[in-house]
Structures are given as C-alpha cells and as structure tokens.
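Quick setup: one chain, the form predicted on its own, written in structure tokens, and binding and motion questions come after.
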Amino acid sequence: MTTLLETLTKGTAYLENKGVDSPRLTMELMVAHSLKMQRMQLYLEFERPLTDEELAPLRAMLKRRGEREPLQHILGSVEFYRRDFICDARALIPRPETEELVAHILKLKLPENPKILDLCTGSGVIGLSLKGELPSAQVTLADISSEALALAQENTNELQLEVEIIESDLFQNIDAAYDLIVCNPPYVSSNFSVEAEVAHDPGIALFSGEDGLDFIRDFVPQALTHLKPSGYVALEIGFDQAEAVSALLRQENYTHVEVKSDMEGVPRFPIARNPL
C-alpha cells in the first residue's frame, strides 16, 4: 500500500515535471483537501497507508492540475480576506493583490452607513468582504455576467450576508448614487498571452482592448454620475497603467487622485473622489 508520504513525493515530482508552480505545496493542499484534513496534520501521518478509494479522487485532481487547471477550481474554494469563497470558472479567481485593495478601502473616511457599489463583482469577493467588515454598509454587487452573479449569490448565501445583486452592463441598470464605487475591471491587453492557469478565467473579466483600457475609459466618466458628493472610486489596474488611468480621472475632474502601490511596490490601486 502507498503511504501518504510516498503519495506526496510522487505527486510533487509529477507536478514539477508539468511545470506547475509550488508543486509540493500544491500537492499538500490537494491531499489535505481530498482526505479532509488540515495541511499541517499531514506531517503527523506520513506513514499512513492510503487505500485505493482514497487515491482515486486524488489521482483525478492531480491529472487536472497537471493540465494546468487552477488549483482554486480543483479545490472549489479560495480564501480571501479571512473568508472562504466558492470559486470556479464562472468568475475571475481572486488575486492576493485584490485583498490589498480591500485593505486600502477600509482606511478611507467613509460615512457611518456607506452605500457601496462593487462593479464587475465576479464572485463577489470585494463587495462581500466589505459588507463583512462594515456590517452597516448597504452593498450592491453588479456584473454583466449572469453566471458570475449566480456564483456571487452562492457566496452571499454561504456567508449569510445581505446585499443587493444587479445584472448590469456598466451602469446600464444602476440608478442609485454611492459613497464608494469599487471596481476590479478587465484590464489586460487583448494582445497579451496569459499563463495557462489564467486562461481558465472568463475572457470578459480579463481583456479590454489593445491597451487594456477600453472598459476603464467608459467607466471613469459614467462612475462620476453615480457618486455622491465627495464619494470615492477605487480601482485595480495593470502594472503599467497608473499614469494613463490617473490622467483619465483628472480629465473628468476627479479630485484627490492617488495611486496606491501593492506589496511589491507596483502602482496598482487608483483612488479618487467626486469633485462636488
């Protein structure tokens, strides 16, 4: 019978041969998930023999990961800002940088009961995280994709949070004004070749014209008409777009335009305010 340690070792070698990043950690996470154990518990049970019934689903997971399907899709969940979210191909996989956007937003001087719109919400991670941290906030999740919104609804139900969900192409079906409009838009150039794992994300959530800025060009002027006086917009953008997006915001007379950097020092999060 194959032991747990032998399974980890063989699986790691297989993933490494397939060019998967962090093959040992990936294998540990898949084994822990399959056996319904905490990852650290694996180290206490290296000599545990695994039955064929236990190995069969793990082999299927290993094959999927070797074909570069994202680990988050295989596990069916992702941790984001201390909460677990359902994750699958219906929406963009949340990135660690986006957690930093939430952290920056929570430092803003929002009113006591802020009205917040999470546009391009995808699986809902930004808006639901803000609702979880700001229980008195009135949060709306909006997206053009009905599939993404179905996933956002599932996450809403799992977290037992009360939010509004609207299907909308940009602001087409949105009438209200908000204290904060946050958006993690598509910002990748249509000419850019993404990694194999990223290719599993919906194209509509990734690509936005030749320079990646088509969506943001439409968003910036429209968002201004849906902001309350002194309300904020907060965005996540590509690593080389800070100057262009700042110019678009200033062109529409937003004030207090600032681009916050991520933990790698990349200018990633433009934040600006309604001039009224």
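All residue numbers refer to positions in the sequence shown, first residue = 1. Keep in mind that what you see is a predicted model, and the values were worked out from it rather than measured.
Unshown form predicted together with a small molecule; subsequent notes refer to it.
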* **Which of 143 to 151, 166 to 174, 89 to 97, 102 to 110 lines the interface with the small molecule in the predicted bound form (heavy atom within 4.5 Å)** => 89 to 97
* Which of these residues, V78, A137, A205, L71, gets a heavy atom within 4.5 Å of the small molecule in the predicted bound form? -> A205
* Asked: Closest heavy atom of T156 to the small molecule in the predicted bound form, within 4.5 Å or not?
  -> no
* Indicate whether the small molecule has at least one heavy atom within 4.5 Å of a heavy atom of P114 in the predicted bound form. => no
* To do: Mark Y178 yes when one of its heavy atoms lies within 4.5 Å of a heavy atom of the small molecule in the predicted bound form, and no otherwise.
  => no
* To do: Find out whether any non-hydrogen atom of L161 is located within 4.5 angstroms of the small molecule in the predicted bound form, and reply yes or no.
  => no
